[in-house]
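As a starting point, one isolated chain is supplied in structure tokens, in the form predicted on its own.
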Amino acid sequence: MIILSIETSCDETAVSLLKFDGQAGETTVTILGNALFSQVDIHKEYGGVFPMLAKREHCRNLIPLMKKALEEAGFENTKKQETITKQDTQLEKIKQILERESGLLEHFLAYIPTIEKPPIDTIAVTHGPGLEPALWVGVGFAKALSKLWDIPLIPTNHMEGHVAVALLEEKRPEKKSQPTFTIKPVSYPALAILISGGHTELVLIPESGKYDLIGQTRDDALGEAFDKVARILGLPYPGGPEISKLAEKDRNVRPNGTISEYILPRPMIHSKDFDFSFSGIKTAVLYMAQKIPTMTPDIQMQIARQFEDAVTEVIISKTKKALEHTGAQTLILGGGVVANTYIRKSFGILADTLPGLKLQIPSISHTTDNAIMIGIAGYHRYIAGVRGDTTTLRAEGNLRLSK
């Protein structure tokens, strides 16, 4: 089967076409087409994502990305002019669906009716969690395509996508062939640690498609804390990669065992639950910075390293405690912060100390928001019989993974 997947939850606009072959447990995934546009450079001047600007960019970029993905897959075939007018009735319904997304509607009507319906079996779209203005663009686009082409719609949870994409294992394709993956089998119960700009969660997965939230941040998400600390240190947005670069430099200058005067707390590391709190450590950095007469590059390096060390120690400690409590056989990492090299390495070390534990980490290219992860999660939902309705499907900014 072939799934068209759409992701617009925050500041990445993404469209992909995935082909699934085989049966459950032996599924092969081929990326037929994949297109992504990041808005990071656009939002830099705001020091974070500006929701209505993100919405505008999604409206502007969805059709060009759709066109690119279809071209990569070899699915873009122009219609004969006389067949276009036969869709007039459906196009009136499309106008109603996209009436609040005027820029997208204009691009949609100028392009989609001029191409033949591609051989797509279903459409997977992120309907939450995320920024609601941004989510509505993708949801509206998916509903319009579903209505026009008369194909099923699968509402997909963004965080489930981060879990699903971590299970991909790339096959070694022949030269010039399309990227192909297999979906790794999971030994249950599994535990997922999801760390991103908006989420820090520990999720128990007793079986496929079942999620139980057992721990979460009580204030700032981990990625949010990275960005706020970077801002305090005078580093550009997005702050996570900047903190990581400086921390790595400091480890090279001051190897393990060197004592720094800029020691930071490990918030909630000894609490008996599985929750997190990162607002306090951000405040500790702020108070520390206010006492420093001149923020030199060397001091920036030391504080960045101490911050990364502290938060990593906390998430490793909490995850280990959760693994021991739940008896999980598989640990799945997901979310944009998983691109952090030091955090990836630290979880690898943790897994090595726990015999029998399977560690599933997504490739760095799949850690940030993308449509491939939505297609994989959408496939699992399709197999489970989940379908959406073009009339009732809504964007849900606060959608939870566990019910």
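In this text the structure is predicted, and so the values were computed from the model without any measurement. Numbering starts at 1 and follows the sequence shown.
FYI, the form predicted in complex with a small molecule isn't displayed, but the following is about it.
**Q** Please name which of the stretches 365-373, 345-353, 64-72, 51-59 has residues with heavy atoms lying within 4.5 Å of the small molecule in the predicted complex.
**A** That would be stretch 365-373.
**Q** So in the predicted complex, does residue 241 come within 4.5 Å of the small molecule, heavy atom to heavy atom?
**A** Looking in the predicted complex, residue contacts with the small molecule include residue 241, since a heavy atom lies within 4.5 Å.
**Q** Can residue 31 be called a contact residue for the small molecule in the predicted complex at 4.5 Å between heavy atoms?
**A** Taking the distances in the predicted complex, the answer for residue 31 is no, it never comes within 4.5 Å of the small molecule.
**Q** Should residue 198 be classed as touching the small molecule in the predicted complex when contacts are defined as heavy atoms within 4.5 Å?
**A** Residue 198: contacts the small molecule in the predicted complex.
**Q** Could you confirm whether residue 215 comes within 4.5 Å of the small molecule in the predicted complex, counting heavy atoms only?
**A** The answer is no: residue 215 has no heavy atom within 4.5 Å of the small molecule.
**Q** Taking the small molecule in the predicted complex as the reference, which of 118, 223, 267, 155 has a non-hydrogen atom within 4.5 Å?
**A** None of the others qualify; the residue that does is 223.
**Q** Could you tell me which one of 339, 42, 357, 36 places a heavy atom within 4.5 Å of the small molecule in the predicted complex?
**A** Residue within 4.5 Å of the partner: 339.
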